[in-house]
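Shown next as structure tokens: one chain only, the form predicted alone.
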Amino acid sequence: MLLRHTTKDIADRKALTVNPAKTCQPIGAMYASLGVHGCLPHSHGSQGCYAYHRSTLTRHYKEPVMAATSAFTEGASVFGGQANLVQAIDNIFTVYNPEVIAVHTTCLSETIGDDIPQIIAKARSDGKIPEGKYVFHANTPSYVGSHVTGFSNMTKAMVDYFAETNGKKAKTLNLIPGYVEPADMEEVRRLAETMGIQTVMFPDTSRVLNGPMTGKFKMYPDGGVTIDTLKTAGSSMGTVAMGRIASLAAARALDSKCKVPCQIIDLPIGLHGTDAFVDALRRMAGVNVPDRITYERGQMVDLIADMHQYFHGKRVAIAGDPDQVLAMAKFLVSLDMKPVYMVSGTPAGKKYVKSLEEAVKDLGDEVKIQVPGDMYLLHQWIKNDPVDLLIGNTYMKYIAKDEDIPLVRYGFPILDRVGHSYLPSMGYKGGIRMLEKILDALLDRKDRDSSDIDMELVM
């Protein structure tokens, strides 16, 4: 394998990225779009870009991802894509009849400089958008940011285009879940509903990319937030946004546009992360925490106590999206594990790096952080000073194989395992699942390395 040629000698690289811990903006925008009910995502660019975006999401979620494209050719590349997009909007509503089209741009259309709002306005004035149907857009050039940035931009576009207020406050809370699995969106909504809180979640890919097999094809699954529900987000009493990098922009836009106060928290991963989420819901909605949730928390505390001896002092390397890396690092520190190497390919700013440094300041070990960074550098760190565990997406498996280190698959994309879209990592239930996955990886390795003499039946 090529990774076996990774050198221990670390050179300063500014213009070269090797094995990036990210993918491109349109993928995140397409994923967010799928969280709107009856939405057909539309890639304003070439067929090659659109095919890559669809295939990556399909391979991760093991579900058919429907989308459309402006199918740029040489002519559109030179003279602009207005004619292609207007024709595409007409074709889509005529043939596929979605409730809404979500347009995201690509490198090509961004470089040309297509004015998407003007094109959408022209399509509407030309009668290409039927009454009661919608088109909205986000600018998502791949040469800036990452899939997380694209997700953030498309989520903010939902606010910009649809959120409105009637001057009265409804007894609902907005939940912006961040770039997470459909099962995670389902879990945070379940926790809120268990507390008796009505919610408006956007985007919401649950029941879209983790729905049941019924034997019948549905172009537009039952899940996703409806446009009518999105409009009511401007009248909610507050917003809880999970993950600063993925969700902050939409929450702040909603606050600015409709005066809906927001609280930005980390992804609710692990005990303390979920505690912060439940507390934010409790205070913002003015409710008490029911015994059912206290019971779930107690189960997680009990499991942590039972497993602590196996976690203590284990060194971990993490790669992934910024919000996920930060929340996971805090979770591991709470277990007395040591996340000593952390990289994310998504540019997240100096404040984010300081947050990571603050989370691991008391470890007692040297900690290396690179944001933005790549997995080649992570591999070099590991070659120089190995760790006990890797946490990251499928691309980490090559490092795991080359360095003979156990891997817990977490994040995006996961291309070589099935089921992650149905099982949460967030909330107390999701935390229990992550505890089991981490412990299994460590103890499986211990069993594998044990001789016949020191092989233990009871661990």
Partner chain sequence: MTSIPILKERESQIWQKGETPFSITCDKHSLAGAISQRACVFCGSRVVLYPIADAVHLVHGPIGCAAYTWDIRGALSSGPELHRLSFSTDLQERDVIFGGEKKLAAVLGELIDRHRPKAAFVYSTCIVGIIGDDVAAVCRKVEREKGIPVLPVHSEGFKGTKKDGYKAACDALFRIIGTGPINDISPQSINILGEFNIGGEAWIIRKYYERMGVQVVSVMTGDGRVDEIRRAHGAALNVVQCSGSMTQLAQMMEEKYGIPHIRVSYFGIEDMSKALYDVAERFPDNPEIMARTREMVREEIAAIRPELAEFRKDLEGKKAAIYVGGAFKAFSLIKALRHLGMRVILAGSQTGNDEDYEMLRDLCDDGTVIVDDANPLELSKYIIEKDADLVIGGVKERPIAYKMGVGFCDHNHERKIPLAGYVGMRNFAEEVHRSVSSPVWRFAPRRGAKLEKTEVTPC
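Predicted, not measured: the structure shown is a model, and the values here were computed from it. Numbering follows the first chain given and starts at 1.
Separately, the form predicted together with its partner chain exists; it is not shown, and the next lines address it.
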| item | value |
| --- | --- |
| Proximity to its partner chain in the predicted bound form (heavy atom, within 4.5 Å), stretch among 428 to 436, 403 to 411, 31 to 39, 55 to 63 | 55 to 63 |
| Partner contact for residue 170 in the predicted bound form: its partner chain, 4.5 angstroms, heavy atom | no |
| Proximity of residue 446 to its partner chain in the predicted bound form, heavy atoms at 4.5 Å | no |
| Partner proximity in the predicted bound form: residue 351 to its partner chain, non-hydrogen atom cutoff 4.5 Å | no |
| 4.5 angstroms heavy atom contact with its partner chain in the predicted bound form for residue 72 | yes |
| Candidate from 301, 219, 287, 121 lying within 4.5 Å of its partner chain in the predicted bound form - any heavy atom | 219 |
| One residue of 334, 77, 256, 166 in contact with its partner chain, assessed in the predicted bound form (non-hydrogen atom, 4.5 angstroms) | 77 |
| Heavy atom of each of 313, 389 and 418 within 4.5 Å of its partner chain in the predicted bound form | no |
| In the predicted bound form, residues of 81 to 106 near its partner chain [heavy atom within 4.5 Å] | 84, 87, 88, 91, 92, 95, 96 |
